[in-house]
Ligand SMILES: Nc1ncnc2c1ncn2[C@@H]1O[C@H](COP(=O)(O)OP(=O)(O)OP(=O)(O)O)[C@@H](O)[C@H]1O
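Just the one chain here, laid out as structure tokens, in the form predicted alone.
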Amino acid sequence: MAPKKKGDTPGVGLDLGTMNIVSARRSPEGVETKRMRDAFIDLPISARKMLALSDASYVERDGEVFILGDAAMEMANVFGREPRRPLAGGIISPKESDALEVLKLLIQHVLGAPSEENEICFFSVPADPVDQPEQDVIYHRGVFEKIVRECGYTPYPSNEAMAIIFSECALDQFSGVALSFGSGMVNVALAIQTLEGLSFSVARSGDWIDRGAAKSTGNTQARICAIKEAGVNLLDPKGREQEAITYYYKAAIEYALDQIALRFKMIEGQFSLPRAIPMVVSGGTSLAGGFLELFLQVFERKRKRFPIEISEVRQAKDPLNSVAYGMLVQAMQEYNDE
């Protein structure tokens, strides 16, 4: 067990995203985060000697070398391959036979040793996807509970989008609509004073954008992802690939807002809103240049018919880490209640 530093507060938040795994801890210096790209690529064992010269994270198994994290994405682009992803569509990929082993390695890397025995760890779980009713998160949640426990922590699963409410809406009495634009899903939650009134997910998010733009322009999904992450201004796209990315971003935003309106109307008689509430967008997919402005353009066209009164639309202060922060808030609260 790692020695506990003076001033450390126990509890850790863990965001288990399709593209990134992020942990958040409280320390005397503030909140510390650690990130690992949720991807890997396999190479022959002969590559081991060259990899030993680099700082790439890798493991050996059965005559293969698995490169993990950001290095896997870079290698995929070099060799024109798609990286292997242990998560797909926001949940554990049933097509990846090595998914569980890789996920445990990635989680061990970002969590490290607990600061005390059975330290509490809140980890993110997506809501059931409304547009893929054949999928649920039961197996996904159970596997991650097991992995987190095997890392020496006491696991607490918690809704991904609700974490954004906890990290971004303290001044709004923890009330609002949160949209977490991840790689696999857009997770949505509506809450009033910490009480969840509505939550769901949809499957049109970052990976859906990449797949659509790749197919439309004859590129690999990894190549489109690299173009997107290198810097795209959604309000002023340059070239065919960036234009395709922008079209799919707009479609994903429209779809998410339409689903919020539809789902809220289904429960409108059971859940009343006493006042206008903020809408907060977050997640790695929302980091593209001009995302908030494009989101606002789409939302303003729908505002008059939108069934929820929105006081403002804003972006999370730290979109890549806001879910991990919200998980940390909940973990620390468990200790405060003791």
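Numbering starts at 1 and runs along the sequence shown. Values in this document were obtained by computation on a predicted structure and should not be read as measured data.
Not on display, but discussed next: the form predicted in complex with the ligand.
Asker: Quick one: which of 212 to 220, 115 to 123, 258 to 266, 176 to 184 gets within 4.5 Å of the ligand in the predicted bound form, going by heavy atoms?
Answerer: So the stretch in question is 176 to 184.
Asker: Is residue 18 one of the residues lying within 4.5 Å of the ligand in the predicted bound form, judged by heavy atom distances?
Answerer: Flag for residue 18 set to yes.
Asker: Wondering, does residue 249 line up within 4.5 Å of the ligand in the predicted bound form on heavy atoms?
Answerer: Residue 249: contacts the ligand in the predicted bound form.
Asker: Quick check on residue 228: any heavy atom within 4.5 Å of the ligand in the predicted bound form?
Answerer: Result yes; residue 228 sits at the interface with the ligand in the predicted bound form.
Asker: So in the predicted bound form, is the ligand close enough to residue 320 to count as touching (4.5 Å, heavy atoms)?
Answerer: Judged by the heavy-atom cut-off of 4.5 Å, residue 320 is in contact with the ligand in the predicted bound form.
Asker: Which residues, if any, of 274 to 310 lie within 4.5 Å of the ligand in the predicted bound form when only heavy atoms count?
Answerer: Residues within 4.5 Å: 283, 284, 285, 287, 288.
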